[in-house]
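Here you get one chain, nothing else, as structure tokens; it is the form predicted on its own.
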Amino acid sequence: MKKSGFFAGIIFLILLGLAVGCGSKLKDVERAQREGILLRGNNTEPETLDPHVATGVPENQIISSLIEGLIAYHPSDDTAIEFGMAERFETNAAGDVYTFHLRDAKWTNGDAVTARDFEYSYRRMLTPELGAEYVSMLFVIKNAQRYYESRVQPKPGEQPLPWEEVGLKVLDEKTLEITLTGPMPHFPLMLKHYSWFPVNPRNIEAHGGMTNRDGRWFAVGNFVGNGPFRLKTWRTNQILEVEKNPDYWDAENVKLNGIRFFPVESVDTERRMFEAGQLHLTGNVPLHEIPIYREKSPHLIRTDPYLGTYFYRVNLTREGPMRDVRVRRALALSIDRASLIDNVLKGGQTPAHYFVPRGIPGYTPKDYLRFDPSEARRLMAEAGYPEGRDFPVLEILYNTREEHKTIAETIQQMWRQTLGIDLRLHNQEWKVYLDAQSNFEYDIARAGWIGDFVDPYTFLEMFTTGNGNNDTGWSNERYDALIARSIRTGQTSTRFALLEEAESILMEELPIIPIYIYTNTILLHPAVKNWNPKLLDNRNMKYIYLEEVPPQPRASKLY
């Protein structure tokens, strides 16, 4: 899942003006606590609220409060099953057929949630005209990839594969059967991801049809969901608010009355809002503030493990030195990751000598990369650029956010000192930056990937040929074959061995340059309860609640 970005600093002034009761004695958070409203920073304006089009963390935080899939997020364990629209499921003896039994639930327009809604939604995902970047998530369904590809690039003389041959079957209005390409014990965990969420067919058809991406169906007043909250307000670049859904099947256990998401892309602005009592939690903490909070106000700062990797993508579709693997390896070996973490990030991150983060039970990636300036200089000279001579001026693209700028400046300096090359830095607003990567309009681009579920597959599958999340132009037939084989075996040890071999190819060819493994550091108000440490930081918001606490000293007094 792609990480989030930055927004213009002027948003702080806008939000200050919009803050309810800013002239009263009560802080916004204290008033919101009494009303049961959570105030949270969302990093950036969501690109979309369409679960079949979305790709990022900022979108997920909102969508998952509005729509619920067959399996939901567990309140404390990312590897545990929490039933959502499905009240139970069973598998056949071979483990490749799952039968889901839906509970009685309603959409916010009054429609019953049915198995046909899920069939419609998965067919929508698999329709090429929609352009779903996460479509490959559904390729674990029998014949789903064939169905999709037969419509993208039909072979001469062959008809597209009929939908009836795809491994989805509506047994009745409340029973859905999914046949997979092979036994897959981790399949229920995949269903937590928003690419598997349902949409309401009647609403989609009323607003442009299955492949329409203009956003009419998720506008305020049109949005139809089935989750614990419903869409209330959306003022672009200002605030998005959801309120408790009284028709949700488990409404009596939803603790909050609402959530207000603030798209504040400036980390420092977000911190100032937190200090001013305008947010219960932030998305990040300014790098230079982390040691100060830990020393002066440890009860307000929270650092948890996070299953994600910060890396640089390389555009291999452009002519130039980045097509030479020796250059890519020289760049990778010239990054002193430990120094970056200790002296710049200071958030307990881990150097990424591999791409798949450690912490997944049964999967231990090897240390493929190291800091080796001598070898980096040797490779660069061998590639024809001794001491950086004749190396063209290239750019590092990043989404406009203070931490990404700081990291890019640090790596820029490391490459200048070690290799004698000088790269320019170029920042773009979140949506523009996403489009630039998708359209291959970059040389080197900052990126981050958070696991969609706790499994190495979610990190490695996206680099298969033509994958919507690849964005590098890299293609390797052997790599593709290993990933394909991995989803046809149900034995975890065999599957992990195939994925380890695939990762070794990725780290040999380096279409990406891993930099560090994330931790998740935020500012969290003491009133927020049940915000448990989670490896993926995916929250089932119906379990979060607010508890009135005695007035806290203003964090700003620390500075």
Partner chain sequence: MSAPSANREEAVLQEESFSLWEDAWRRLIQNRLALGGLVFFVIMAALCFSSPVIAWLTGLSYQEQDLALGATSPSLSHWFGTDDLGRDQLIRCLYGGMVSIGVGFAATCVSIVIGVAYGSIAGYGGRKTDAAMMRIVDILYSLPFIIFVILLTVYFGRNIFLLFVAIGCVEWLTLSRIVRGQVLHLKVQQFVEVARTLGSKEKDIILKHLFPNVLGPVIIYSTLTVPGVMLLESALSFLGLGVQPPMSSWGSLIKEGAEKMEVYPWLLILPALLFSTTLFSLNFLGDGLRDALDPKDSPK
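Numbering follows the first chain given and starts at 1. Keep in mind that what you see is a predicted model, and the values were worked out from it rather than measured.
Omitted here: the form predicted in complex with its partner chain. The next part is about that form.
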Worksheet item: Using a 4.5 Å cut on heavy atoms, which of T406, T317, T179, N222 is close to its partner chain in the predicted bound form?
Response: T406
Worksheet item: With its partner chain left out of view, which of N109, N427, S297, T175 would have a heavy atom within 4.5 Å of it in the predicted bound form?
Response: N427
Discussion item. Please identify, from 163 to 171, 244 to 252, 478 to 486, 411 to 419, the stretch that has a heavy atom within 4.5 Å of its partner chain in the predicted bound form.
Written reply: 411 to 419
Discussion item. With a cut-off of 4.5 Å between heavy atoms, is T364 one of the residues that contacts its partner chain in the predicted bound form?
Written reply: no
Worksheet item: Any of the heavy atoms of R328 lying within 4.5 Å of its partner chain in the predicted bound form?
Response: no
Practice prompt. With heavy atoms only and a cut-off of 4.5 Å, decide whether E119 touches its partner chain in the predicted bound form.
Written response: no
Worksheet item: With the cut-off set at 4.5 Å between non-hydrogen atoms, does R302 touch its partner chain in the predicted bound form?
Response: no
Discussion item. For the stretch 46 to 68, I need every residue with any heavy atom inside 4.5 Å of its partner chain in the predicted bound form, listed N to C.
Written reply: none
